[in-house]
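In the form predicted on its own, a lone chain appears below as structure tokens.
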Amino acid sequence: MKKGTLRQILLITDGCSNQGEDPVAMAALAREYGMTVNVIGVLEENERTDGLKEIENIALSGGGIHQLVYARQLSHTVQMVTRKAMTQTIQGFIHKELQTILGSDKEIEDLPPEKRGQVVEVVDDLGETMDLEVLILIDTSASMQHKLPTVEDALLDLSISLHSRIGQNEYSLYAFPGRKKQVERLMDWTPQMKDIHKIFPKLSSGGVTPTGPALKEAIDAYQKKRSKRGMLEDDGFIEESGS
């Protein structure tokens, strides 16, 4: 089995999109291109979000996971969602492979206990050894202003928590809205986010929430990265299952 690469888009927001393309449609397109879209809705204490349904639908269309969380719990949630999405993607891929072997009417649960245990071991092993690319989209609309320091700490913690993996990790960081356009790249692909503290103090908050354009930009960024890599090597690649 070729190791391949797990590709995630991690959307961190607290509100409804109100400008540009439909984010649910963009999430579905990302899934077609082999990317999982995970969404974390960030709340303050006693705060309610009207964007819950949109958050759910974006993650559903993107084959990923959604989670609402209070800002103080964000660090743990970012790590949990990233890890859970990795496991879900690998499980979906193995499930497809097993159906090819066993037949479309068979499930992993139909395997004998010892065989199911072997599948779990394979999933755990791949979760530690496969390469991981996480493109992070940060909502910097006006209502997120006071939450950005918490987002910053959570992303640094994510980088530290995944550092012990055998597989290579790469991160890229985008903000929406940007200073001069709808979406702004803050950090190109990098194996660690140690310089993140230099970036966040310079962020400015805007009034609009162009979530759809941000997802579209993420798809374009991944496509450019794959094209560049394809010039150098045959790129192993897992199609996201969304199961």
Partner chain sequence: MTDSSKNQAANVSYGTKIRGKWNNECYQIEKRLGNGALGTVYLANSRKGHVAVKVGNDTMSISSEVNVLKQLSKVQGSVLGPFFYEMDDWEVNGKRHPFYVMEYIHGEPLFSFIQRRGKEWLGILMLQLLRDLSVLHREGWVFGDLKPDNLLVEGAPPKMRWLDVGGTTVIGRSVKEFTEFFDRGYWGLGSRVAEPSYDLFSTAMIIINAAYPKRFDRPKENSEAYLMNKIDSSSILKPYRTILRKALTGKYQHALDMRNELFTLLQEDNPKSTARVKTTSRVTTRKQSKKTKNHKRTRWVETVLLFALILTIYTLYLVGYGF
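Keep in mind that what you see is a predicted model, and the values were worked out from it rather than measured. Positions refer to the first chain, counted from 1.
The same protein has a further form, the form predicted in complex with its partner chain, not shown here; the description that follows concerns it.
- Only one of 169, 172, 143, 91 comes within 4.5 Å of its partner chain in the predicted bound form through a heavy atom, and that residue is 91.
- Its partner chain in the predicted bound form comes within 4.5 Å of no heavy atom belonging to residue 182.
- Remark: residue 137 does not count among the residues lining its partner chain in the predicted bound form, judged by a heavy atom distance of 4.5 Å or less.
- Put simply, residue 131 is far from its partner chain in the predicted bound form: not one heavy atom of it is within 4.5 Å.
- At a distance threshold of 4.5 angstroms between non-hydrogen atoms, residue 83 is in contact with its partner chain in the predicted bound form.
- Scanning 54-88 for heavy atoms within 4.5 Å of its partner chain in the predicted bound form gives 65, 66, 67, 75, 76, 79, 80, 81, 83, 84 in sequence order.
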